[in-house]
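Next up is one chain by itself, shown in structure tokens, the form predicted alone.
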Amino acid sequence: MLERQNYLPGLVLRKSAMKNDSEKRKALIIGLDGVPYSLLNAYLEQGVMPRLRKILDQGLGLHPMNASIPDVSSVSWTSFATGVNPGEHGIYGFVDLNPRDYSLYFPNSRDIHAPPFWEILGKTDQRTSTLGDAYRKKVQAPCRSIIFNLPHTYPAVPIHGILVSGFVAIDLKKAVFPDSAYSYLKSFNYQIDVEAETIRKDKKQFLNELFECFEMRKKAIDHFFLHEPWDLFLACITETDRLHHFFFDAAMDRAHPFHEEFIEFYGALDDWLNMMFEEFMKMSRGKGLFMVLSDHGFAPIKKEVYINPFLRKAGFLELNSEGQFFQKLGRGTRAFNLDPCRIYVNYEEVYGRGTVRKEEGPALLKEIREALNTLRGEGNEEVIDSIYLREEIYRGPRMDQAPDMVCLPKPGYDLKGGIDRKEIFGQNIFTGMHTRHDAFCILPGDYGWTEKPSIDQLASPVLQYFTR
């Protein structure tokens, strides 16, 4: 039995989970973006997903899981793929800021500083990491992987196998490796993501397009799953996240005008999961590793909360009239916020117009914490649930890029940056918001958890399976 690794707290891989007589191991991993443990469990109990219920009855366990901090897809899926903390892989959100001129940029796959587990297994990894160092020498022969639609893998880099990037991917050709896979997807006008702007014009049309995108996604997945050789197959469904953002209020409300469509989508998802599972069991002679997981949970929204206007009102932030977004920050700015609630101190040693000396940082962060704890929502409810300093949640060589403080909200209060907003509270078209605590994972029952797992812990069981 492999010894438990120090960097993997909470997971114990029992001996019975390590038995596999197959000469050629296979693993199927399915990602369901934004599916909460609580909703999945409720639908299992209500009979909405009877086929998944039967799958679980075959020795698989459904576990609640924590997402990354912050609980956004770019951070969570990267933490899953690399098996390390953001302080090591270097992704902290969908956007980052150039400290010289405060311009925004979008980190992509090239900004990830740790190898994903499929590169470790394929022996194509060029980067080092805690996880990679632990397993690299244990990989005997390269494993061929198909990685399909996983967020934050754009642009696609060469791997031993096939990689089709998920959102945010703006050019299909750059999102696919190799060219032969691109040619197939191009042949039927494969769509990377549903067009979100449709929701503002026609909710029914948006749902129709969501179902169409899901059908297209399944067609492409099925093609590679059935007609390409692979040892590891990872496919992610992002339509669940889009459904939840715009229709989460329909999930449990039978009187909601779109409740039936919401249930219909989960029924179609249940059918597809069952098809994939049954086919995989045939391929692997019932001995392959089957895993399903989400990258975060969801909860209904009461209000959006814009942190930059709050910081401005509290005297921590100053805006000029010229420039775009954070280029408007004035000389009086001591701190600012990047989505969802990543607070950065405007240090003079770091930023072009920084005003805060390093020694002033701890006192300033304490002042900001005290101010944030005064935020109140509906009925005088607390808005902020948890506040973390960077040292409390991040570790690794990329700590210098980490936010100085990260906040998590109480359910119902969706934290945003809102640099151009004047008000602190607002409403948008969204009805669902991300949560950290309510993600899920499905693993063979012989994988035991001594404590609630986090998403960065799930890469190690995959590597253990292929290297034992």
Partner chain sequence: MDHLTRLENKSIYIIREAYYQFKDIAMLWSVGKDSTTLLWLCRKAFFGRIPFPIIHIDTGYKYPEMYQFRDEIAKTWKLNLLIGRNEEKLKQGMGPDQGSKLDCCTELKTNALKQLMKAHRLKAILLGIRRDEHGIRAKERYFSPRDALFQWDYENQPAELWDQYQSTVEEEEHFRIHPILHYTEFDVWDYVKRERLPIVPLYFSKEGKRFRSLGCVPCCAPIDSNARTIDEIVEEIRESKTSERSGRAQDKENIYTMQKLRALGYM
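Remember, predicted model here, so these are calculated numbers, not experimental data. Positions refer to the first chain, counted from 1.
Beyond the structure shown, there is the form predicted in complex with its partner chain, which is absent from this document and is the topic of what follows.
Colleague: Name the single residue among F262, W272, W230, F94 that comes within 4.5 Å of its partner chain in the model of the complex, judging by heavy atoms.
Modeller: Going through each option in turn, the one that passes is F94.
Colleague: Which one of D111, E367, D101, E392 is close to its partner chain in the model of the complex, taking close to mean a heavy atom within 4.5 Å?
Modeller: Selected option: D101.
Colleague: Is F211 close enough to touch its partner chain in the model of the complex, meaning at least one heavy atom pair within 4.5 Å?
Modeller: Flag for F211 set to no.
Colleague: Report yes if any heavy atom of Q324 sits within 4.5 Å of a heavy atom of its partner chain in the model of the complex; otherwise report no.
Modeller: Looking in the model of the complex, residue contacts with its partner chain include Q324, since a heavy atom lies within 4.5 Å.
Colleague: Give a yes/no on whether E423 approaches its partner chain to within 4.5 Å in the model of the complex, heavy atoms considered.
Modeller: Output for E423 is no: heavy atoms all beyond 4.5 Å of its partner chain.
Colleague: Does any heavy atom of Y388 come within 4.5 Å of a heavy atom of its partner chain in the model of the complex?
Modeller: Although its partner chain is absent here, Y388 would stay clear of it in the model of the complex, with no heavy atoms inside 4.5 Å.
Colleague: Looking at 141 to 149, 392 to 400, 278 to 286, 191 to 199, which lies within 4.5 angstroms of its partner chain in the model of the complex, counting heavy atoms?
Modeller: Flagged stretch: 191 to 199.
Colleague: Quick one: K203, K303 and E378 and its partner chain in the model of the complex, is every residue within 4.5 Å by at least one heavy atom?
Modeller: No.
Colleague: Though the partner is not shown here, which residues of 333 to 358 have a heavy atom within 4.5 Å of its partner chain in the model of the complex?
Modeller: Stretch hits: a single one, D339.
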